[in-house]
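Have a look below at one chain only, the form predicted on its own, in structure tokens format.
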């Protein structure tokens, strides 16, 4: 479970996140929509222990991230928009390295083959150097690394960026599988169509605030794109 409790993060006079409260349960996909600078990535950075909150707390599986960051990180996997990998390593070598770094030492070559195939990476790429990979292929490898960690909470920052329609469809199928396994999944995205298709809940973040939240029943009835534009443009006009 991921719990965000009255979270605020300020950088001087800039209020990047303001009073955010959010709980993501096991077996749930929550997608946060918002323009660049809305506070989505800042919230992720606090959740990962990369920066401390100005006020409030983030708990992962009941562990306060700011108070016990090393223990909290054992229970969370993160895939960024621009996945950082070792270019001179092959896909399999990267997967092995990061799996061992995460504390899992019993994985076999067959385990790696299965997870690389599961995320949709073509088999002839398993033993190719990553420096020649497309952005979409790097995203798939990043998700494979997250799966091998087998963390209870998965944080995804723009995970569909760079994926073609076929790969995007494979990604949604994979998210559904991870949800069925009981993972608590938080995804930031600009992809309104895919967010509506896969999410159990969607939030809209503007100027550091969660201004709207919709559950699956509400999503089925809503014109999410129109709603998003209305909230974003409305709050931006109020700040001018």
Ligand SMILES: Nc1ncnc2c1ncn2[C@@H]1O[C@H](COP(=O)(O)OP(=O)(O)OP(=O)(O)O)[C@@H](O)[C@H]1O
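This one's a predicted model, so the numbers in the text were calculated from it and none came from an experiment. Residue numbers count along the first chain shown, from 1.
In what follows, reference is made to the form predicted in complex with the named molecule, a form of this protein that is not presented.
Colleague: Since only the chain is shown here, I'm wondering whether residue 211 would be in contact with the named molecule in the model of the complex (any heavy atom pair within 4.5 Å).
Modeller: No, residue 211 is distant from the partner.
Colleague: I'd like to know whether residue 35 contacts the named molecule in the model of the complex, with contact meaning heavy atoms within 4.5 angstroms.
Modeller: Contact check for residue 35: yes, within 4.5 Å of the named molecule in the model of the complex.
Colleague: Decide whether residue 14 counts as a contact residue for the named molecule in the model of the complex under a heavy atom distance cut-off of 4.5 Å.
Modeller: Flag for residue 14 set to yes.
Colleague: With the cut-off set at 4.5 Å between non-hydrogen atoms, does residue 158 touch the named molecule in the model of the complex?
Modeller: Yes, residue 158 lies within 4.5 Å of the named molecule in the model of the complex.
Colleague: Picking from 64-72, 23-31, 194-202, 39-47, which part of the chain touches the named molecule in the model of the complex when contact means heavy atoms within 4.5 Å?
Modeller: Of the options given, it is 39-47.
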